[in-house]
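In structure tokens, the next block holds one chain alone, the form predicted on its own.
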């Protein structure tokens, strides 16, 4: 309620601002709005998706130069040039993204700097774009027959566009596609295993951020009525990133806060610092550098989370509404072979982690894969699930060869898994984490999410996630942040997430690690119920009491090879197994 009142007061202040403020402050607000549109794209790209870009100013330039050239040289309507600019920017973003986003680590931001500089010099060295002089005489915009000639008239268009984009971005993040985007920041391995097409998600947010920047450039060109390359340099791209980070790089409203603070502070410092030092110069850049260091040191999440603490939300906890259940996958006939691994070998250079491994898992049974540390069990899991494919050999799932398929394609065929080292998104709720598992059961895309036309499907996905959370005994933690749970319960959350994918084969990598005695009993009861329902389960576990009381068959590995296979009681009496585990017995 408090936050809603604050938001309404903010919108009311925006509405009456041009009626009360001097021209200078209206102009300042116009630039804040333009910068916030670009910063909002960086919130989506960098803050949420974890992809750092220094080149957004170049996309602003694409929007500005497209409309400036088409309107002044060819007399095209400014509103048509907006469509042309968005189309050109989307094409350029798709091309650059397909190359740049394949790079990881520090190579990605370096790549964005490279193409940002290239586009900047392109604007300044092409004759038909006016060179470094630029293009003048850009026509004013007309809206419903009313010409927007002054900054006061343009103000409402800029802020209306910004608020619409804020709403669309919030809608996008509060959706199936939004969860997939947020999963990128936690690494692609988990997301791919849950059926998320991570290359597609990356290119989507990269393109959306570029389109936001293009729209800002289009507005800028018709506000200024001329363009030249200076505002689209790499330094401006870095400033946009400053705005996003200082405001709160993972928060939508932080883009506006950061743009406002940087713009106002820059104007104030440009007026004040020359008086202090007695000479002109870009002293504000020094202050911005020190400010960035301070913010990164003292408030890494930016300033918006501090604002949220001043205006706490009341009754903000979402509730899962009743919804039509999602369709269920038909399970294979009990006793039929679901997974078959033949002569699977995995090499890392000269190291052979798995050597000619053979195993099979049937519907309605629990198969345990055990062995000493370093035996290659998790490597075998990764090879089966497509996370790290086998070097040679065959992996068949429900009669289909899958060793060459991507993890997301294998997941869509009915295989789901957990991880040896828990892979959850700690700041997201348990409900949202589990809903990522149901990602592959939805169809609506990011356009539907932005327009909020996927609410029925979203309700069904969240309802499914809630059912699996209750099934795993974590209903009281449904709305807690996943990172706040103890390790044992985080592992149960991973199982619930895997079940939300509606698998017929469940791969569990050390599911009982960190669980207390009663929690292990509850987990064992859950896995027995799943087995009785006809699900196939392959698990890796070090707790031998847990394994021997649950598994129908056991495969023992040592040094990447199969050492023994059989019923639990047979394996426990096998001399080779005793030798591997205990050093032999008399």
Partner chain sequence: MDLQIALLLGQDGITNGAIYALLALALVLVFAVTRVIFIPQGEFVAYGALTLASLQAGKLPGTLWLLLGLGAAVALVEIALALRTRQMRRIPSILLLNCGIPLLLGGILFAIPPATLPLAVQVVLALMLVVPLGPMVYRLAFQPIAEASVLVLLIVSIAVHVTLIGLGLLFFGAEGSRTPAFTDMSFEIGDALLQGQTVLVVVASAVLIVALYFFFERTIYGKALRATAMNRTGARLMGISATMAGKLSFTLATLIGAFSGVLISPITTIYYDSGFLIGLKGFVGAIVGGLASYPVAAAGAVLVGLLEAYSSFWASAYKEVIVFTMIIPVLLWRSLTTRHVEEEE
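Values in this document were obtained by computation on a predicted structure and should not be read as measured data. Positions refer to the first chain, counted from 1.
Omitted here: the form predicted in complex with its partner chain. The next part is about that form.
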### Message
Counting heavy atoms only and using a 4.5 Å cut-off, do 187, 282 and 297 all touch its partner chain in the model of the complex?
### Response
yes
### Query
With the partner left out of view, is residue 330 within 4.5 angstroms of its partner chain in the model of the complex by any non-hydrogen atom?
no
### Query
Given that the partner is absent here, does residue 100 sit within 4.5 Å of its partner chain in the model of the complex, heavy atoms only?
yes
### Message
Contact with its partner chain in the model of the complex for residue 423, defined as at least one heavy atom pair within 4.5 Å: yes or no?
### Response
yes
### Query
With the cut-off set at 4.5 Å between non-hydrogen atoms, does residue 46 touch its partner chain in the model of the complex?
yes
### Query
Among 560, 524, 534, 50, which has at least one heavy atom within 4.5 Å of its partner chain in the model of the complex?
50
### Message
If the cut-off is 4.5 angstroms on heavy atoms, which of these, 78, 414, 364, 109, is the one near its partner chain in the model of the complex?
### Response
109
## Note on the structure
Which of 171 to 179, 393 to 401, 472 to 480, 233 to 241 lies within 4.5 Å of its partner chain in the model of the complex, heavy atoms considered? The stretch 233 to 241
### Query
Within 113 to 137, which residues have a heavy atom closer than or equal to 4.5 Å from its partner chain in the model of the complex?
113, 114, 117, 118, 121, 122, 125, 126
